[in-house]
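Take a look at this single chain in structure tokens; it is the form predicted alone.
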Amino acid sequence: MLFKILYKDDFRTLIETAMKSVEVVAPKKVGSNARGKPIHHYLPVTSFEEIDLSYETTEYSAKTYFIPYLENLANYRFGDEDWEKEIQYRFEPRMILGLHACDISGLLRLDKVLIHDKFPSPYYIARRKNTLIVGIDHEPCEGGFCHALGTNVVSHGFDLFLTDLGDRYFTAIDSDRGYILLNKVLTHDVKEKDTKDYLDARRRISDAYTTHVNVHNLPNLLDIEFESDVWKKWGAKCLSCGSCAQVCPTCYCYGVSERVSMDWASGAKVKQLYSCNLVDFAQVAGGHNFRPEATTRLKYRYYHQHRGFVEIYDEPKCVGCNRCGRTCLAGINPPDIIGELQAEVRK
């Protein structure tokens, strides 16, 4: 890992230069919630003034730029005696600026499934490989427990990663293209004071977490508490709306449908993101539903996050951003559920 010091005026020059040649997506304030807190989204920006790198979190994760909610996998055109199929991948370069460590960790988990597993997705790969990631450190967000899962720091999966030191950024470089990009502006070697300021900043961020979640032995605990009344309590609250999966940076369940035009001249194979909390998620041909109750669907979502994914990929799928908890209309959130399961064991 290489480290450089990048002063903020030079950083602005760097981003404005990038905007001339690639699409730049960054956190942008779009409004305020009922409590007056700002709402941010990752959106394309055309000027540096639109960017707010001091944001707490975004409502949606950057997943939407790698796995769109709706995606055409293939288009078809039918003739009298033949047919043609067209498949398009995204090759246009893009920069996503200002990702927090937990969101980068989320992309690394998606990489395991959609790049490195047995059936890689060329659609995801095309977007991932053509997206330059510039991350940034941040103060803990409301309800966030990424520190409990070790996703509050990240050592790979990005091109550049920034830590704010006041008038400058302590910049980690993790790729050739990040190094090439940084060479477009003036940078400085890291001095002893820079290192001290960086370590102080990281210590301050670490000490600021107020949401504490005990994930010790959680995969085994989930098996032990499979029939716990905790699931009944929280499952009874679940509205089965699927909002949690849509804002989650790592949920990737989907369905595929065939759409044919009324004149039978064209068609498309369309992929749509889905949620394991929706009532028909486990419904099969013939109408049988293997998970007809909201309680069961909620439980298995947590099992996939903290048990099944661990078994296959050696880490939980959850990155602790707590977007699901903040967006849930019923007030369901991981810290409460995990905390109550841990309390069951101590009884």
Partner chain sequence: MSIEFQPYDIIKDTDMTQPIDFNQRNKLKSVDRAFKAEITNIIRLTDMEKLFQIRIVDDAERQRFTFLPGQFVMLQVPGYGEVPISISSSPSAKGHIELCIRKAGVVTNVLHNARRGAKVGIRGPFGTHFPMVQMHGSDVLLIAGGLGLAPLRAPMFYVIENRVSFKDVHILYGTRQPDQLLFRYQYEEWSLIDDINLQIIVERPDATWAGRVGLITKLLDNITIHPEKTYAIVCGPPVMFKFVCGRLNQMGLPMHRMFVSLERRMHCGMGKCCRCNIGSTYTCIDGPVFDYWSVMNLKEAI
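Residue numbers count along the first chain shown, from 1. Since the model is a prediction, treat every value here as computed from it, not as a measurement. The term rigid core refers to the most C-alpha atoms you can superpose between the two forms while keeping them within 1.5 Å.
Keep in mind that the form predicted together with the partner chain is not shown, yet the notes after this line are about it.
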Would you mind picking the one in Lys193, Arg204, His156, Lys184 that has a heavy atom within 4.5 Å of the partner chain in the predicted bound form? Lys184
May I ask you to choose, among Cys238, Leu149, Val230, Ala126, the residue with a heavy atom within 4.5 Å of the partner chain in the predicted bound form? Ala126
At 4.5 angstroms, heavy atoms only, are Thr46, Lys63 and Ala343 all close to the partner chain in the predicted bound form? no
Tell me the stretch among 194 to 202, 99 to 107, 207 to 215, 249 to 257 that has any heavy atom within 4.5 angstroms of the partner chain in the predicted bound form. 249 to 257
Mark Lys28 yes when one of its heavy atoms lies within 4.5 Å of a heavy atom of the partner chain in the predicted bound form, and no otherwise. no
4.5 Å heavy atom contact, Asp280 to the partner chain in the predicted bound form: yes
Please determine whether Ala18 contacts the partner chain in the predicted bound form, using a 4.5 Å cut-off between heavy atoms. yes
Quick one: is Cys328 in contact with the partner chain in the predicted bound form, heavy atoms, 4.5 Å cut-off? no
Can you name the residues of 129 to 160 that have a heavy atom within 4.5 Å of the partner chain in the predicted bound form? Lys129, Asn130, Leu132
Taking the rigid core as the superposition reference, indicate whether the CA of Asn220 shifts 2 angstroms or more between the shown form and the other one. no
C-alpha of Ser261 moved at least 2 Å between the shown form and the other one on rigid core: yes
